[in-house]
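The data below hold one chain only, encoded as structure tokens and taken in the form predicted alone.
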Amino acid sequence: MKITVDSRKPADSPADLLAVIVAKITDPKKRLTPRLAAINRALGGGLSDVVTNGDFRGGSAQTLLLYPGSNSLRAKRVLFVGLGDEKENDLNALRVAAGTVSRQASAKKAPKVVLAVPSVKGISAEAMCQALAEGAVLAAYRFDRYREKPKEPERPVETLAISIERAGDLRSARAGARAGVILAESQNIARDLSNEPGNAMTPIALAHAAQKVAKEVGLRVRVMDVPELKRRKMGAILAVGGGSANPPRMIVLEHNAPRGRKKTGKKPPTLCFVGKGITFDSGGISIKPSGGMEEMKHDMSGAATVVGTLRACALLDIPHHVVGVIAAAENMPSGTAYRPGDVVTAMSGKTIEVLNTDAEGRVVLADALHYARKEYSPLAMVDLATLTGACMVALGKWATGLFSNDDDLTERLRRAGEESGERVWPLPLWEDHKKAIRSDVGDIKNTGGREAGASTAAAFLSNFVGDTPWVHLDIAGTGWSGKTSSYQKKGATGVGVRMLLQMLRGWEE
């Protein structure tokens, strides 16, 4: 989808579909804005008629499709899309509206779309156009490469011209739209990786996909195979991947990697993102029930987000050294699989008593977090993992669980989540939770039981971050969606890409 921004009169623009975003109309007798009034006149009063009759009031995602007929509009169709109550208008309302436009245009086989948007109080033209571009591109996403024919014959939007009211805002608005496209396309790449079936997206295939992205955008990439994992004594990831015919990999992506020490002798500050990359999770010896096991292809959603995030860092030229570390493994039952009761030694030297082989994500992250901390001495670390059903029960699909040892990093991510529409919710990480995963056999055990399962899982991870400011994001409930909404298709969400970039773009030490 090609997205442009201009300030021309929408009524004068030729299009297969003219989409007009309208804030909620609380008083039908109130005069329309000049731009809406011009479109209404071109429609022969069509908009004012339906507003007066109460058929359209601009509620969130409410739509009204009109056909101009012989009137003076140059568009074949006019779609009015509600933005909702002006007091509640935020960036996500704009994403929802743009996603609604994108889906409706595709369904109507309208490849050329003009989108007329009003000025929104408290939101800059740049931020507005970024949100609109994100919503439109995210809504256009399809994963149909394994279908002989598309399920529903649709024609994707080819061009979307965003028409803003103030010509003086064009430069910043275009910059916002460009950023929005990059962010949404990077999130769609994360969706692609996560939606791939387990037989196609093995640990080695994930490494190849990361290498491909790195080559395209100029990232540094390194892939550690089994011999290197053994040399580095990464016993945790080797244990989890030991039951599969598809061997594990540790994948490292770097943006803006330093080429040498500065004159001061100090390395530039580094931020690390660590992703759980379980490309398929059968549960291992502690095998899962068969119902819903097909969704376990999404158990590498954290890794997919890291790939998408590093891609966006490169294309947006983020002025920081950003490192992505991915622990990729397949958790399968076999004669070589690790067993309940086993004790494995992580790269850090800590021993882990395995009580449940289905609590494998935290085990592979143990090596990834320790490697990131020791190799890069980061200013901050964030890991993303579809880690616990407990977090899904607690927060559902509406928020990602956040656990942290640093209040400042927590607040940065909380704000970034609100602005990006990818909300997080802080959950407790107490000393009691850390005590709950102490082992009688080894140093720690990989599960603390059912009670506070999300918090005890985070407590396990905390053993491998030292005093580095760290946030653990449990995306078990937000990593995939069971149904289609305004800009989210059923399947992988790619959650976290836009939030992490929002944090990075506003980062100050």
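Keep in mind it's a predicted model, so treat the numbers as computed, not measured. Note that residue numbering follows the sequence shown and begins at 1.
One more form of this protein exists, namely the form predicted in complex with a small molecule; it is left out here, but the text below deals with it.
Only one segment in the set 419-427, 170-178, 104-112, 298-306 has residues whose heavy atoms sit within 4.5 Å of the small molecule in the model of the complex; it is 298-306. The closest non-hydrogen atom of D358 lies within 4.5 Å of the small molecule in the model of the complex. Using a 4.5 angstroms threshold between heavy atoms, A380 stays clear of the small molecule in the model of the complex. Though the partner is left out of this view, R155 does not reach within 4.5 Å of the small molecule in the model of the complex, counting heavy atoms only. The small molecule is not shown here, but in the model of the complex it comes within 4.5 Å of a heavy atom of D281. Proximity to the small molecule in the model of the complex, defined as a heavy atom within 4.5 Å, singles out one entry of L365, A133, L387, L310, which is L387.
Contact with the small molecule in the model of the complex, defined as a heavy atom within 4.5 Å, holds for exactly one of L47, A476, V471, A459, namely A476. Site residues K288, M392 and T447 are all in contact with the small molecule in the model of the complex, judged by any heavy atom within 4.5 Å.
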